[in-house]
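In the form predicted on its own, a lone chain appears below as structure tokens.
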Amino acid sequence: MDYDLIVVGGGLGGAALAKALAARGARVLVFEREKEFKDRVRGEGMHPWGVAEARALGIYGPLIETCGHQVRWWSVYLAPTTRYRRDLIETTPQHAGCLDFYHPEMQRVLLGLAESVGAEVRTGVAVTAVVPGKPPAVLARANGQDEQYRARLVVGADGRSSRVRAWAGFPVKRDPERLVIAGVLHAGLGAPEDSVQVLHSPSIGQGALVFPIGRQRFRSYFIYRKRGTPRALSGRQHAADFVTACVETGAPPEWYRDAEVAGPLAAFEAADIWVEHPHRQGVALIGDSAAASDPSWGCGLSLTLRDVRVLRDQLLAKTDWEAAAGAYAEEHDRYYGALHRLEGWFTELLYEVGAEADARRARVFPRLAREPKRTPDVPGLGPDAPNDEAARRLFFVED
């Protein structure tokens, strides 16, 4: 056996898992296709429940000391009135704010940590195939040479469009297309740097998010219904249209007065993509490879670290890694299923349009304002928030 663990993908999940296992003496190899990490539109805000996972994995401190930006407040608007401003440090079980960061900086930090504890990291290498089996194998090409590597376990951490997932033959499930999310990096935005801004305009099925990531940089998002008015929001030539859409949703125009576009602008389908039981024949999937949750709700990074922590714990607890990865997959199905249900409820309440949806909100919103405990605490509890039928009826005021 060449390695104990081979990880395909050096993003948050792959790097964190490599660091966690190499630190315990495992022989770990990471393949990352990029040599230099460039800005792309993706999630850069981690909920407090994800911060708990980062702490458990020993990466919270290094991230905060290098590229991380802790955000204390969570401000929610229902256009144009402020609904509430929450102190996350005081009100979450973790006593933590959101952890935001610039993605390329995070990747450099975590891959460096993995190398520092003994993981072998190869960048600029194209993985050409993964072959499930006992043991599984990875085929990779570097400098024109093809090589085969075997390991006790291969982990696909290569994102929403995972090739490992396809090579290993995992059946993929997809939600119907409901929402589209567009994102861009802004510099000099006039929004507060100590608060995540969450804006909803339910009557027109639109939302906007602003995550401060430090040094006057903000990752801005606009969310809209797939079946609504068609919008062209990919490419810098549409930067003004993006701002117009955010202001239309309820964002203050003055936030954008001196803002500059500091990265690409791109729009994506937001529907969930997942596999059931993300392990088979020596190959396990984590992060977006296993389940890419709707980015409109900002849970992707937290879900990735939950995957890493659960898989790490199972691998350290069992000598039979096939059984350990199977136990991880069972647990993954449980907590991802819970998160999927919760996010579906919020999508139904906040993004459905029409007379019936307006009537539902007219009934629900006043009760949620008076009785906030009816609302599942996704930032604080994530998939551990109550998500059974009783919780659904409580949220939709059907009790």
Ligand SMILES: Cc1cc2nc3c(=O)[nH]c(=O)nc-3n(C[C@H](O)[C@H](O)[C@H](O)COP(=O)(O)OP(=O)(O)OC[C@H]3O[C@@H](n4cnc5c(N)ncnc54)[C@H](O)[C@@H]3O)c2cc1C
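Please read all numbers here as calculations on a predicted model, not as lab measurements. Sequential numbering from 1, following the sequence displayed.
Only in words, not in the display: the form predicted together with the ligand, which the text now covers.
Checking Pro278, Gly97, Gly287, Gly207 for any heavy atom within 4.5 Å of the ligand in the predicted bound form turns up a single hit: Gly287. With the partner removed from view, the residue among Cys67, Ala52, Val41, Leu29 that has a non-hydrogen atom within 4.5 Å of the ligand in the predicted bound form turns out to be Val41. Look at 145 to 153, 252 to 260, 86 to 94, 295 to 303: in the predicted bound form, residues with non-hydrogen atoms within 4.5 angstroms of the ligand sit in 295 to 303. Proximity of Leu12 to the ligand in the predicted bound form: non-hydrogen atoms within 4.5 Å are present. In the predicted bound form, the ligand stays beyond 4.5 Å of every heavy atom belonging to Arg341. In the predicted bound form, the ligand sits beyond 4.5 Å of every heavy atom of Arg165.
For Gly159, a non-hydrogen atom is located within 4.5 Å of the ligand in the predicted bound form, even though that partner is not displayed. Interface residues of 101 to 138, taken as those with a heavy atom within 4.5 Å of the ligand in the predicted bound form (partner not displayed): His103, Gln107, Val125, Ala126, Val127, in sequence order.
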